[in-house]
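As structure tokens, one chain now follows by itself in the form predicted on its own.
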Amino acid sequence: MKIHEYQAKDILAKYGVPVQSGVVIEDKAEATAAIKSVQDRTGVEATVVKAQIHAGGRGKGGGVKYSPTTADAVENVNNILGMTLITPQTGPEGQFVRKVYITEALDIASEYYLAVLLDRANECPVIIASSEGGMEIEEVAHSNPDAIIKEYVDPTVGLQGFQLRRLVKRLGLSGAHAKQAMKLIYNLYTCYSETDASLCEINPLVITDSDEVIALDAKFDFDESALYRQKAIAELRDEYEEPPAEVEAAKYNLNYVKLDGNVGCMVNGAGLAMGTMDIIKLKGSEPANFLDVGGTANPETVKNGFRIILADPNVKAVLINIFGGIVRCDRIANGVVQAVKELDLNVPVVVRLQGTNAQEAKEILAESGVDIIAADSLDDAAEKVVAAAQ
């Protein structure tokens, strides 16, 4: 789960990480009062107006604007709030801006990159830092890999003092800057650990002309499997920032991810779903989605799955591939028949059912009178659905 920059900074501040002073608004009528509150708090007229969307590269798309005067800030709020912001991470469709974050403007002496994330290969957290802040870390890694600093942390003992000293030394920091940075890094790691985050990123981390070390921007990703014990963080979810079909699928405990192809997929089990998508590609087409109905699917689950798949106008055919272990194939067959009748499907549907009560399921489909293409094997099903989609 992702959150907005202003939410991430609120969390960082609770863990003792210095952040910019700022106010978030959703209504243009609130702009002047919000700008004045930031100016009064900082004693400086200049502010920065930032679009709040779950995507990086906002500055490149015109979603971050330095505002030297109040009039400039008001104009930037009016321009950014309500715009469709297109960045390298949003895709060409862009993201509608519903909130802007008005922050104090800082005079920056130097910029750094800092993040804590899970290194799956080494099965431990890793701190990544660089003296080339303000850039996307992927660009830094490509153009200057020597500028990437990594410090692996043993989760059984936690972040150690010698690791903090090594990090700040490699970043070229000394004196008061080094002390501030070590405290900040330690607090960031604590925040990462205690919030069940999978990523805590500050880019850039800046040293100001007044010698303060401050998080200028922040990005968090959280492990959704741990949200049951992070109720305050779960409440920060902004469903407007997530694909509507994925939000709808979650209401029915369906695991759905939209893709760019034309063959809709409904499968039980993540591994089988991945294999199904692979064979569709091997047969010359592209999957339109990943959809795992899980091991407790019933006719209602199948109907909702169909409805979500068919909401994608790119879908030209649907493949249902079920291996009945915990879930019974006859239950899925009843759901397919019910969905085809109720939803008035206008695309071909290929069904492959194997496992528990598979024979009963085939009889249900054969006697239903609905227009369904039966398949005996996964290979047969893939060939038939690709041909139907084309």
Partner chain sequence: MSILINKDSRIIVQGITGKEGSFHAEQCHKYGNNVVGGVTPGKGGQTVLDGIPVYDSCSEAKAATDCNVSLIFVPAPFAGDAVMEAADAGIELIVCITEGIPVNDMMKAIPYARRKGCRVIGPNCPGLLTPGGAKVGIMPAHIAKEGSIGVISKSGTLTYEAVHQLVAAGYGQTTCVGIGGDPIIGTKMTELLDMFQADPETEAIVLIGEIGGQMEIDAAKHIKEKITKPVVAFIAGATAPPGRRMGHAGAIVSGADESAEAKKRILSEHGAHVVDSPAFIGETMKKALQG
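Residue numbers count along the first chain shown, from 1. Rigid core here is just the name for the largest C-alpha set that superposes within 1.5 Å across the two forms. Given the structure is predicted, the values throughout are model-derived calculations rather than measurements.
Quick note: we don't show the form predicted together with its partner chain, though the next part is all about it.
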With its partner chain left out of view, choose which of 166, 281, 179, 98 has a non-hydrogen atom within 4.5 angstroms of it in the model of the complex.
281
One residue of 161, 175, 91, 271 in contact with its partner chain, assessed in the model of the complex (non-hydrogen atom, 4.5 angstroms):
271
Taking the partner as it appears in the model of the complex, which of 317 to 325, 22 to 30, 43 to 51, 338 to 346 has residues with heavy atoms within 4.5 Å of its partner chain?
317 to 325
Might residue 121 be said to contact its partner chain in the model of the complex, defining contact as any heavy atom within 4.5 Å?
yes
Tell me, yes or no, whether residue 354 is in contact with its partner chain in the model of the complex, where a contact means a heavy atom of each within 4.5 Å.
yes
At 4.5 Å between heavy atoms, is residue 231 in contact with its partner chain in the model of the complex?
no
If you check in the model of the complex, is residue 78 within 4.5 Å of its partner chain, heavy atoms only?
no
Is it the case in the model of the complex that 56, 69 and 134 each bring at least one heavy atom within 4.5 Å of its partner chain?
no
Applying a 4.5 angstroms cut-off on non-hydrogen atoms, the residues of 130 to 163 near its partner chain in the model of the complex are 155, 156
Residue 204 C-alpha relocation of at least 2 Å between this form and the one not shown, rigid core basis
no
Given a core-based superposition, decide whether the C-alpha of residue 134 shifts by 2 Å or more between this form and the one not shown.
no
Residue 260: with the rigid core matched between this form and the one not shown, does its Cα shift 2 Å or more?
yes
